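A single chain comes next, written as structure tokens; it is the form predicted alone.
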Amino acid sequence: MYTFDIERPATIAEAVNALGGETMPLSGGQTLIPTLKARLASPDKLVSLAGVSEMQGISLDGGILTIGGTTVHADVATNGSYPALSQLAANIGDPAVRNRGTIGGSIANNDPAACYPAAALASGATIVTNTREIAADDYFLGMFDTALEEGEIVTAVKFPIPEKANYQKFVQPASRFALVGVFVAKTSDGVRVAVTGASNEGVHRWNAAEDALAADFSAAALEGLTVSSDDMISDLHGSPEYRAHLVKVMTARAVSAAS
């Protein structure tokens, strides 16, 4: 890695003030540290968010689960207030990743095969930053692209807990990322279906499935639907057609499990 300085602020305000120029925030480091090791980034300074107590912890109030940005996956997995989300967190990476990686880091990075973006989008979550609150539909803009502006950090994520929900992931065994992952959430307002791992556009909603499931929340409601392979990811792990097929399969499994 390149030589860099590191700063360890104790508050969100101190962290924001420390950012700027060739400075990068460091949360769990599960993506950033390998990036530095590969010399794909060379910041002058890292600002560690690990000591910012305002960004830690999980609370439930009025059906809204608020998770601090530096809360690690292992804590989400054992919380249990939102079972589908806890199940998702329990199957991220391996124990080392789950005890270091953070929800804020994952949401900020928006890896096209990450699990949390699907949960946030399907749940209709709100992304809280140091300056504003952003609806998940407005936050995820594409592969590794978000609505975050320079100097803005994810301080928390607010999840409305749905009536029914489930996440199904077809695991890429080497990385434990989703070859295809689908999160389904049913509320009194309808059904939301979010897909990760499949598209070159990153996490996205499958609107046709949402409409079908709003009328009949069962796997049978999906039988007449097809998923286009246009713009699906193609790599050594799977073709666009294979990923398109898995989207429908994982959605059906999620609906059956949620029911």
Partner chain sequence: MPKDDGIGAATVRREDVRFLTGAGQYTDDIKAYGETAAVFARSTVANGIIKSIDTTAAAAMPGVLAIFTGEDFVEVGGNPAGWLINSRDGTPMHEPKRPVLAHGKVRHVGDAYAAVIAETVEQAKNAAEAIEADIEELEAIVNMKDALAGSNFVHDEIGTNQCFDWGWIEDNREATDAAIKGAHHVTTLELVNNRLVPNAMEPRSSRAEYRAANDEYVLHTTSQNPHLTRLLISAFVLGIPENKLTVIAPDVGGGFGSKIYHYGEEALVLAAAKKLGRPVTWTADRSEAFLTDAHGRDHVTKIELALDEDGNFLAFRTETLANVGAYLSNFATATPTFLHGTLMAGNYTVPNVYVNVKAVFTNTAPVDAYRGAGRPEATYSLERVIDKAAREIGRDPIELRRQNFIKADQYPFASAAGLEYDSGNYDALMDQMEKVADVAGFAERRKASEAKGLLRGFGVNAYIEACGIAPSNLVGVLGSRVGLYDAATVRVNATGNLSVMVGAHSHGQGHETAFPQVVAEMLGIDAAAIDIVHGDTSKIPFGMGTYGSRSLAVCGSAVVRATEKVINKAKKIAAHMLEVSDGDIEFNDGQFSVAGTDKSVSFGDVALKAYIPHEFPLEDIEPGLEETAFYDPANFTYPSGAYCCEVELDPETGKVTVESMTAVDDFGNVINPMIVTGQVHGGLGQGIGQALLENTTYDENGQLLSASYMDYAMPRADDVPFYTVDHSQGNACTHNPLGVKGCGEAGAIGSPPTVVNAVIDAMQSGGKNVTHIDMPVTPHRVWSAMQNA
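Numbering follows the first chain given and starts at 1. On a predicted model such as this, the values are computed, not experimentally measured, just so you know.
Below: the form predicted in complex with its partner chain, not depicted.
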Though only this chain appears here, would Arg253 touch its partner chain in the predicted bound form if you measure heavy atom gaps against 4.5 Å? yes
Taking its partner chain as it sits in the predicted bound form, is Val249 in contact with it (heavy atom to heavy atom, 4.5 Å or less)? yes
Does any heavy atom of Arg100 come within 4.5 Å of a heavy atom of its partner chain in the predicted bound form? no
Looking at the partner-bound form in the predicted bound form, is Pro25 within 4.5 Å of its partner chain by any heavy atom? no
Choose one stretch from 69-77, 153-161, 166-174, 132-140: the one whose residues place a heavy atom within 4.5 angstroms of its partner chain in the predicted bound form. 166-174
Of 8-39, which residues get within 4.5 Å of its partner chain in the predicted bound form if you count heavy atoms? Arg39
